[in-house]
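Alright, two takes on the same chain below, each alone as structure tokens: structure 1 and structure 2.
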Structure 1
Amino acid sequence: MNLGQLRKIAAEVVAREDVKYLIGWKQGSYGYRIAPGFVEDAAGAAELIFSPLCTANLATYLTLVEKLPVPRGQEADKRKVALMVKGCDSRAVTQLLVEKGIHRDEVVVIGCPCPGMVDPALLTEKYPETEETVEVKWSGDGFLLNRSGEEIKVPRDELLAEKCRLCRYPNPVISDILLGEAVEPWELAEDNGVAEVEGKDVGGRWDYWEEQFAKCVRCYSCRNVCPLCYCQDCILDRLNPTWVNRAVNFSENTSFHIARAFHLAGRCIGCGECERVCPVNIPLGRLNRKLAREVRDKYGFEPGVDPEAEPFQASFKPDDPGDFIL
């Protein structure tokens, strides 16, 4: 993608009278850091970037910013929000449209075809973080790092994020403006993470998740970053009645994560944000991908690909034989 083209189009979009700001990616404070940027003018548009470091799914901001009601004496600004999206991010926007979490006339979708993002953990393990800003680009079949003036070519497979290895939609499924050319979808890798857990017996699976969920500190980062966890009244926060206690232990942690996983069944779009932000590295993606595969294989449903679809959990069919019901 041409960076000049991105910034030119972004400046044109924020100059529109019906757009209040654009949400995109900009360089962070140091090293590999990338920050969300809220752009309101051409000067802000000149800071926008799109690189293999732009892992974060910005769609979560669509349901976080400027919630009604507004403070007394102020009028709601009903102009549109422009949003830069990768393929997986666009699925989140589509699913929000399906669920009426947002409306189509409230957002301008700027699509960014995605050749694949780097895994921040793999990157910092191989090339430790530095105080100086590091530039990472796509280069042929790999990534090109510019660290302290030194260019380092790294093969794609060494740094590619797991969610990108498994990505079925690298190109945006919905967009008003498409930046650059569509990328050629790649051959999907085997989901070794899910296969590893499935290969265990029942006791082994329990032991595996007990070890993982026991690490949870209940920081709620996974829920807060998820673009599909946008209920104003989360059932997992309720105290009367209490569904999940605030105690940090294996039992309550398991209840929290299992409940959240089932709330995302038929809704999770595989952006991997929950796993990326987890401070104790719980492989939440394995749980979500397992349920997503079951929904896809058993019901032929894939979320976030059709804005006219019915929500999966609201698509009851009266003629369903229901043979599995005892």
Structure 2
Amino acid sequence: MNLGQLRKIAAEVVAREDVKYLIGWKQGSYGYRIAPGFVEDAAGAAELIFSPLCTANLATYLTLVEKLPVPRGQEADKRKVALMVKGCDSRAVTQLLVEKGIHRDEVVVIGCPCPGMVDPALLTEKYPETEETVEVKWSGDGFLLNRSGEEIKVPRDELLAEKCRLCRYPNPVISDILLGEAVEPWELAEDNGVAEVEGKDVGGRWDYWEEQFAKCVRCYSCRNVCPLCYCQDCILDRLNPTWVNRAVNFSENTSFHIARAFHLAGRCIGCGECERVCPVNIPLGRLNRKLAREVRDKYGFEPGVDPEAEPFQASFKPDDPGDFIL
């Protein structure tokens, strides 16, 4: 994608009177880091970028903004928020529309067709991070790293993020403005992560997740980063009744993670953010993808594709599978 075009359109959008600000990606403070950028003027728009490192799903900021009471005598700011989205992010926006978490009039969606993102963990493992900014670009069938002048070409397969290998919607499913050309969806990889867990017997799976959940420090970053975890009053925060104790131990952590994954059944759009942000590397994506597959195979439902769809967990079909019922 042409960065000049992106910045020009972004500047036009933020100049609009009905737009409060634009959320996009900008260069982070060092190395490979990308930071979410909140743009209010043309100068800010000139900092925006779109690169294979822009993994963050910015749709989460649509619901993260605190709704403070409007002081007496003042008007509420009803202007729109402009949001840059990749394919997966646009599905989050669609799912938010389905759930009426946001209203279509409140957002301007700027779609960025996405040729696939780099996995930051794989990248730093192969090419250690530096304090200098490293530019990463798409180039033909691969990625191009520019490390202090030295250009390194890396094949796509080596660095492509897992969520992108499994992505079926690289193009935004919803957008008001589409930047650049749509990309051709690629061949899907096998979901090795889920298959690895499924290949174990029940006891083996328990042991596997016991090791994973025992690491959890309950920082709630997986919940907070999720564009679809936006309850004002999260049941996992409740103290009366306390469904999940605050104590951090394997039992409570397991309960927390089962509840978190369950609440995303039929809602998770597979942006992989929960897994990316986890400070102790719990493969949360596996839980979500397992459920997403169940929902697709057994119930024929796919979240975040059709803004007119009924929410999965708030609807039913008379012929839903019931073979597990005694």
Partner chain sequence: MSADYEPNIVAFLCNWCSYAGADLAGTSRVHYPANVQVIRVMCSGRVNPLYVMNALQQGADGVLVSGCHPGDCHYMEGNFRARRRLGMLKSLMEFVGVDPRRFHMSWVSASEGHKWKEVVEKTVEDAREAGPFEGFRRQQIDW
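For the two forms, the rigid core is made up of the largest set of C-alpha atoms that agree within 1.5 Å on superposition. Every residue number counts along structure 1's sequence, beginning with 1. The structure displayed is predicted, hence computed values, not measured ones.
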Please match the form predicted on its own to structure 1 or structure 2. 1
Angstrom shift of the Cα atom of Lys317 between the two structures (superposition on rigid core): 3.3
